[in-house]
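Just one chain is shown here, as structure tokens, and it is the form predicted on its own.
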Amino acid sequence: MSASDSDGEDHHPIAEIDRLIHEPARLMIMAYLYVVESADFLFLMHQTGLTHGNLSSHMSKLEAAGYIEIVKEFVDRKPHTMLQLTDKGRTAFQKYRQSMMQVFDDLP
């Protein structure tokens, strides 16, 4: 089958890529959160290079999907925001990784 064949088959691993995670900024956020129990907002902002507004926007999308949990509290009268992957987010990221590995493994 050539790359131009289109028989409606959606079984190719790239068709199963979670596009919410695949966006580069959200992929960075998910990857950082995948390897830690939780991370604070400023740490993620510095690690990803995202601005405050960009990070907040992407966090909101990931939270709405149920992929991350955002905990806001005050520490010494200063706002402090912590993020962590939910079980759903951890599972989604693992599936994303497997799908991406399959995409590359399937290349000639």
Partner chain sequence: MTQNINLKELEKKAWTSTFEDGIMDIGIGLILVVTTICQTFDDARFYLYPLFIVPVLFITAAKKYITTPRMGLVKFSRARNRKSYVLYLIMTASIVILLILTVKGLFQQLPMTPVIVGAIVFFIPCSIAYFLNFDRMYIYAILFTLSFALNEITIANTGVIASGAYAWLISGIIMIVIGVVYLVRFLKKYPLPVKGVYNDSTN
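Numbering follows the first chain given and starts at 1. Quick caveat: nothing in here was measured; it's all calculated off a predicted structure.
One more form of this protein, predicted in complex with the partner chain, exists but is not displayed; see below.
At a distance of at most 4.5 angstroms from the partner chain in the predicted bound form, none of the three residues Ile14, Lys88 and Val103 contributes a non-hydrogen atom. At a distance threshold of 4.5 angstroms between non-hydrogen atoms, Ala65 is out of contact with the partner chain in the predicted bound form. A residue is said to contact a partner when one of its heavy atoms sits within 4.5 Å of a partner heavy atom; His22 fails this definition for the partner chain in the predicted bound form, lying far away. Although the partner is absent here, Asn54 is not a contact residue: none of its heavy atoms lies within 4.5 angstroms of the partner chain in the predicted bound form. The closest non-hydrogen atom of Lys95 lies beyond 4.5 Å of the partner chain in the predicted bound form.
Contacts of stretch 73-89 with the partner chain in the predicted bound form, defined by any heavy atom lying within 4.5 Å, are made by Glu73, Val75, Asp76, His80, Thr81, Met82, Leu83, listed in sequence order.
In contrast to the form presented, in the predicted bound form the C-alpha positions of Asp76 and Glu37 draw closer by 3 Å or more.
Between the C-alpha atoms of His52 and Glu73, a gap widened by no less than 3 Å is obtained in the predicted bound form, as opposed to the form on display.
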